[in-house]
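As structure tokens, one chain now follows by itself in the form predicted alone.
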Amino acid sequence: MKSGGYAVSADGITKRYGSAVAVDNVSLNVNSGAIYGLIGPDGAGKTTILRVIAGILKPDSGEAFVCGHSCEREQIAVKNSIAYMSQKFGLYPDMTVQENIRLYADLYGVEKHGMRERIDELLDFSYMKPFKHRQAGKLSGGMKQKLQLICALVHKPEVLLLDEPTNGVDPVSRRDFWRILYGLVADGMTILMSTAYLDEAERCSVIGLMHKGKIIAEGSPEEVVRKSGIQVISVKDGGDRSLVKKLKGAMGGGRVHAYGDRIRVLTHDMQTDTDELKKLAPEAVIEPDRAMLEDIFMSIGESADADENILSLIAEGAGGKSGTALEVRGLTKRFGDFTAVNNISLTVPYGEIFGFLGPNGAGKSTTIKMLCGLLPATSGEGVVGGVDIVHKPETIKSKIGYMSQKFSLYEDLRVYENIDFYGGIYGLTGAELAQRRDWSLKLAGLEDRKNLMTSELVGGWRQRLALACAILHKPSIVFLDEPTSGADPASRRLFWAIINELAASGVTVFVSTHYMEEAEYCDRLALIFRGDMIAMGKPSELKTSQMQDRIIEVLVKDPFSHMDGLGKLDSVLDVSLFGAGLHVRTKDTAETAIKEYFAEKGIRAEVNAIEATMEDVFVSMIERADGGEK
């Protein structure tokens, strides 16, 4: 059996775990110098495919090849040809950036001669050179991701395998990470990756959409969208949260979903559904929208009935109130001479979804821990749920729900044991605990899996279980610290539907997120940078009053190759990848200059001034606060 000259190929790969089929007769081919993206729901088989190709797992049948070498029979040759960055790539937090890289260079057998030059080259390439003497444990999330990539690349592999490499990384760091990936591809490297960010999947040369262990669609992102036949209608409702539920009831829950500042409706009959929507939402702006990979992704999901049943449980589980949920003044936290949170003041009422945004290391988690009574403030004062956070932090814990970035679940306990453990912490016993346990299992969709070890759960189930444990005692305030990090789009949408139901029941939801379209779902947002709060307001306010720059969208083939050229034009402040195209940030329109740039080269491109997205606002404000540095 031959690899056919491809950089990576898989022929009929099947992998079972007991009676469960993780990968079912999958074949794929990746050309040299391409980026191939694996997308699909949690548990679809993406990680298993990558682990088979990396030579970590042995398939039950079929064979994989890297650069013509069998992943099963020529493991040493494959190891020398690849770099594999898994979701749990190991960095040593007590070692410096440079020491971590040298360790991996030794593990890969990199020759001492030229090693220093290679490390310096990678540090320059990733903008990490100023941090080479910093301990890895003291890096931000985005810097850690870049360090992991450097460690994987230190031996000059031909093929790079990436398993959801940008999970938990802020938009600024994600843009930088993709700049690095495109630079690698320009030098001839081949990349096979999985991702939960479907805007990233739109940047791949080819994608494979996986479902239940099979690849059910393959081709360029544009081809997959076109062949699906799906069309989309956009409904801009001005923030009427109840309209989503109304449209779902009238048109079917699986076709309707909130996305950023609008509602998207999937259709196969544009005119008929447009007429129906105008009757249902006469005040809304209704117009055709561009179909995206996320729409295709959602179309392969199961019936929405189960999700609607889950949402019906929320009112039963909510403990909402009215009035002021939390109020803090001058909240500050220092660790030695480092100020993690600086003089933050805010007031949040009950029933509000309050979004907390900021880059990795900005102080979001530290602030949330102080509000939850888990970390003492250095100075400042505040009240959460009527309890003084300075003098009675222990009392706060009974008033709130808290879901941390790590979900706070015990993997060596069974599903129901985690629920009982948290029920005990919150003082639930006997019949009350039994009733709330049953409620939690229904909310998490785990009634038939309650005896599973928690470590066996895929991401979406684990996140819902963590949320159920956090609101087991019907708290009136819920803190969610990046709750959907790494979740697939279906899980994220359901999670946010649950958040909306909680808020409608009078529960305050204080949430941090790195998904900028999720920030649009919040009633108000605060943006924190290096411990300082630099902006606060409704999403619409931030996109108008706070956004000083203009955004030009450019849709063109091979967008990365034009970033440097466009960046040299007068008035252009920044050029960044955005989905399958580019967003050009400028002080004036610069639209004419951009069109002339492509016309002179004889290249076809769509160039239009657009309203800034929350990601554009986020990046612009962070760079402005950082003095224009990148």
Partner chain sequence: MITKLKAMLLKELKQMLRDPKMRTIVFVMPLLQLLVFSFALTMDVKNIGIAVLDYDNSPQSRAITDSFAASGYFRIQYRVTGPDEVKRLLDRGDVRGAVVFPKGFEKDVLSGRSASVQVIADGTMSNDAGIIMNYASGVISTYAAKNSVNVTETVSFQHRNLFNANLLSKFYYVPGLITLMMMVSGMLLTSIAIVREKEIGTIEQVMVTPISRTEFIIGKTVPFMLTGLITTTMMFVLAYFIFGITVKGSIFLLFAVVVMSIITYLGLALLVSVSSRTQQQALLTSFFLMMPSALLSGYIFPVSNMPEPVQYFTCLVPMRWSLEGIIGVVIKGATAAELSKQLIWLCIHAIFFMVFASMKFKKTLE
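If you're wondering where the values come from, they're calculated on a predicted model, not measured in any experiment. Positions refer to the first chain, counted from 1.
The form predicted in complex with its partner chain is left out here; the points below concern that form.
message: Looking at Ala490, Ile286, Ala340, Leu428 here, can you tell me which has any non-hydrogen atom within 4.5 angstroms of its partner chain in the predicted complex?
response: None of the other options qualify; the answer is Leu428.
- request: Identify, from the list Lys333, His155, Arg102, Arg255, the residue with a heavy atom within 4.5 Å of its partner chain in the predicted complex.
  value: The residue in contact is Lys333.
query: Using heavy atoms and a 4.5 Å limit, would one call Ala77 a contact residue for its partner chain in the predicted complex?
result: Contact check for Ala77: no, nothing within 4.5 Å of its partner chain in the predicted complex.
- prompt: Does Lys369 make contact with its partner chain in the predicted complex, using a 4.5 Å heavy atom cut-off?
  reply: Contact check for Lys369: yes, within 4.5 Å of its partner chain in the predicted complex.
query: With the cut-off set at 4.5 Å between non-hydrogen atoms, does Ser404 touch its partner chain in the predicted complex?
result: Ser404: contacts its partner chain in the predicted complex.
message: I'd like to check something about Ala434: if you look in the predicted complex, is any of its heavy atoms closer than or equal to 4.5 Å to a heavy atom of its partner chain?
response: No, Ala434 sits far enough from its partner chain in the predicted complex that none of its heavy atoms falls within 4.5 Å.
- request: Could you tell me which stretch in 132 to 140, 198 to 206, 372 to 380, 106 to 114 has residues with non-hydrogen atoms within 4.5 Å of its partner chain in the predicted complex?
  value: It is the stretch 372 to 380.
message: in the predicted complex, does every one of Gly567, Glu591 and Val619 come within 4.5 Å of its partner chain, counting any heavy atom?
response: No, none of the three is in contact.
query: Can you name the residues of 460 to 490 that have a non-hydrogen atom within 4.5 angstroms of its partner chain in the predicted complex?
result: Only Ala470 sits within 4.5 Å of the partner.
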